[in-house]
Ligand SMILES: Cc1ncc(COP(=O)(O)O)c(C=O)c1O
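First, one chain by itself: the form predicted alone, in structure tokens.
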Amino acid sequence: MAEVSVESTIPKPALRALPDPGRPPIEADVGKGPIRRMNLNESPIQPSPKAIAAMQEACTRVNRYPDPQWRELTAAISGATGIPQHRIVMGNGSDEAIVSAGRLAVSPGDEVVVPMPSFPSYNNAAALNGGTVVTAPVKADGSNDVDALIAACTPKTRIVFAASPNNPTGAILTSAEVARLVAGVPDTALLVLDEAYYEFGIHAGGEDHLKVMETRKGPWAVFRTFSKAYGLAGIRVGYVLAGSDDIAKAFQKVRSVFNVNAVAQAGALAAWHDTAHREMLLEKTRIERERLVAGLTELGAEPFPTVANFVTAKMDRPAADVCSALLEHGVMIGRLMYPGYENYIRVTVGSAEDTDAFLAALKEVLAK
């Protein structure tokens, strides 16, 4: 048998072509005094005390495997959304759902249409499976341009990703725009509406698009998560609302068996039922988001209109320089890594103290 070069075959070419994974800094990487984490869209507010208690109790039973079908959790979500329980697929964060979408829909030579800028994992869902990414620029307000997304579709399109609110801009879609997507995306493509920041959009007066999505004849899925509005980023729980039995079965086939651990299931279930805590988190986020927008505007920045738990703004200088200088003040923020957006920073909505510290530090940085 002829020798095969491991170096040239493993990992597969599609994986080798991807850039090395990013490594967002944490406090331990900085190696200095107190650090304010305003770079990962985390909640500064702890999860519901009921969720913490439920997770502590679940720790006494981790000698057993978790429910591989997450029955209690999907029953609760089904009751609130009207989506049948068997069409709800839980994941290790909504990131797993994005990866799964690529696995079930994309083959070499296929195309995946994504907004730009938007969540980088969409690109990976295509590239890892030999697909090609086709971008559709967002509108001036940062919202997805649904007409551009539709126009980008071809017979090779297998997934169209849309996000509302969009990360990293924070803008939402109207139900009329979602209806155009539902009608305009070919039935040979999976239409994915990523609603990781769904609760923030609803709290800000946005529309629930689920009923509109249900009018689609072709395949569709909605992705949501417990990481943001429930303050549970650290336990990794997301879910898919699948448009049909076939799509739900496909998401089931491409996941690992015990993908959401027992502690995470218990915490998510308790958090789901504590609506008062969720509403408190959303309202405090609104207050600090508005303070951030006002403060950035006063300092000469140009923020996107946003309803999410982050604010993205155009600066008068490279965002990399701003981020580096702020780190010297003990504040970590993000920046947009897309052509044409080199001067844009993204700031997570934090506590009142975080807002004060960020704006004070930014004022000093911009004065230099």
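A residue's number is simply how far along the shown sequence it sits, counting from 1. Please read these numbers as outputs of a predicted model, since none were measured by experiment.
We do not show the form predicted in complex with the ligand, though everything after this point is about it.
Asker: Pick from Lys228, Arg158, His209, Arg289: which has a non-hydrogen atom within 4.5 Å of the ligand in the predicted bound form?
Answerer: Filtering the options by heavy-atom distance leaves Lys228.
Asker: So which of Val113, Val240, Ile98, Val260 reaches within 4.5 angstroms of the ligand in the predicted bound form, heavy atom to heavy atom?
Answerer: Contact check passes for Ile98.
Asker: Tell me, please, which stretch of 176 to 184, 72 to 80, 273 to 281, 228 to 236 lies within 4.5 angstroms of the ligand in the predicted bound form when heavy atoms are compared?
Answerer: In the other structure, the partner sits against 228 to 236.
Asker: Does Gly93 reach the ligand in the predicted bound form, with heavy atoms at most 4.5 Å apart?
Answerer: Contact check for Gly93: yes, within 4.5 Å of the ligand in the predicted bound form.
Asker: Evaluate Ala196 for contact with the ligand in the predicted bound form, applying a 4.5 angstroms cut-off between non-hydrogen atoms, and reply yes or no.
Answerer: Close contact exists here: in the predicted bound form, Ala196 approaches the ligand to within 4.5 Å, heavy atoms only.
Asker: Mark Asn124 yes when one of its heavy atoms lies within 4.5 Å of a heavy atom of the ligand in the predicted bound form, and no otherwise.
Answerer: No, Asn124 is distant from the partner.
Asker: Mark Ser143 yes when one of its heavy atoms lies within 4.5 Å of a heavy atom of the ligand in the predicted bound form, and no otherwise.
Answerer: Residue-level check for Ser143: no, no contact with the ligand.
Asker: Using a 4.5 Å cut-off on heavy atoms, what residues in 167 to 182 are near the ligand in the predicted bound form?
Answerer: The one in contact is Asn167.
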